[in-house]
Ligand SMILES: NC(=O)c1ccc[n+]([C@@H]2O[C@H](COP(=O)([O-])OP(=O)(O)OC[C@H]3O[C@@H](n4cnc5c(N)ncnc54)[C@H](O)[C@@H]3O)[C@@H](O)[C@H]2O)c1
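The data below hold one chain only, encoded as structure tokens and taken in the form predicted alone.
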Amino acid sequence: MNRIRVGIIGTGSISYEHLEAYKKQPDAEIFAICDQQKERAEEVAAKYGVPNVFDNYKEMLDLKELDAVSICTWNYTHADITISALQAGKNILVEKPLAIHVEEAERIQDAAKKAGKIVQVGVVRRFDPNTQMMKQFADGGMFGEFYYAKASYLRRAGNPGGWFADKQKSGGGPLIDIGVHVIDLCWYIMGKPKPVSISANTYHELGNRSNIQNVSFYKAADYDPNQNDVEDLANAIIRFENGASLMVDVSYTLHASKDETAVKLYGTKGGLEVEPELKIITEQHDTMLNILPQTDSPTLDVKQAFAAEIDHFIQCCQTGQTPISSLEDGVQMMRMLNGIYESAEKHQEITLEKQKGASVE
């Protein structure tokens, strides 16, 4: 099959995961780099041997030789760049979240139908080998019917600041940034049941806690200790059409003894824990069993997951197949994320059938 020529839009930290994975992909060629700071784009291009450099993504999209793009920019730019890329006839891998409002996600969906191109959403945890293993077990009936799941992604001091803490650019705080990963992971393994209602809360109690010392955390390139108008903490219960429910809590900052990531699912025949460590819970001969699958990495392997994500995207570009992390899934995830913010804003349970793209608080 033909090699896929790829352009990278945005050279922030997440772009390096894409660049490294594309570099090792035999059917991919990194053909162009774009960043609004051209000097930074030129540095990246020199490091990876990329022949074309731009500071305007629309000019990059004019390259006829370009087959596909990875969009690694601020959340609020995802919709406009994705639609422009579709109109230019490119296949797209867009980092999560797909957009910051449901209406934007639906505009992308309309543009994709007209263009007939691939849009893959970058929820990388779906591509981790352990996730794929558990998905295979789940689809094979090992756990029966899932009826409950719990997802936590808690940081005690981990607000990246900068654009992450600017609601207009990010769309929200820890929920839309890191919570999307664990919500999507549970929803995917559960078989993607249709969400019907949400009851949620958001809290703005501790701020960005930029005063905290002796605890290191990732800071955005544009970190500003005075900028923060996103939530500290969000929690929610999502109810699905099949009767199952998902409980989630996620924070940037919390008075907790340690950071915590936990993903647990419970079915009629057994349960599983994907994070912090892979574990299967079942019973045999009236005895409860905790099973540890034999795997090279019992915890999330980010580099393997990104490599698998990029491999899958290139394959989809070559064959036209629908991605595992499809555009339709990305739109549904936006309905859930916006639904959580809407429920918290209104202080009441909301029904997703009636939701029209809540304002993000």
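What you are looking at is a predicted structure, and each value in this text was computed from that prediction instead of being measured. One-based numbering along the sequence shown.
A second form of this protein, the form predicted in complex with the ligand, is not displayed here; the remarks below concern that form.
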Discussion item. Considering non-hydrogen atoms and a 4.5 Å limit, which listed residue (Gln36, Gln332, Ser326, Gln318) is close to the ligand in the predicted complex?
Written reply: Gln36
Worksheet entry | Contact assignment for the ligand in the predicted complex, among Phe127, Trp74, Phe146, Trp187, heavy atom within 4.5 Å | Trp74
Item to complete: Determine whether any heavy atom of Ser13 comes within 4.5 Å of a heavy atom of the ligand in the predicted complex, and answer yes or no.
Response: yes
Fill in: is_contact(Arg40, the ligand) in the predicted complex, heavy atom dist at most 4.5 Å
yes
Worksheet item: With the cut-off set at 4.5 Å between non-hydrogen atoms, does Ala221 touch the ligand in the predicted complex?
Response: yes
Discussion item. With the partner left out here, check for me: in the predicted complex, does some heavy atom of Pro97 sit within 4.5 Å of the ligand?
Written reply: yes
Fill in: Contact check for Gly122, Trp163 and His181 against the ligand in the predicted complex, heavy atom at 4.5 Å
yes
Response to the item:
Exactly one listed stretch (78-86, 262-270, 107-115, 238-246) reaches within 4.5 angstroms of the ligand in the predicted complex by non-hydrogen atoms, and it is 78-86
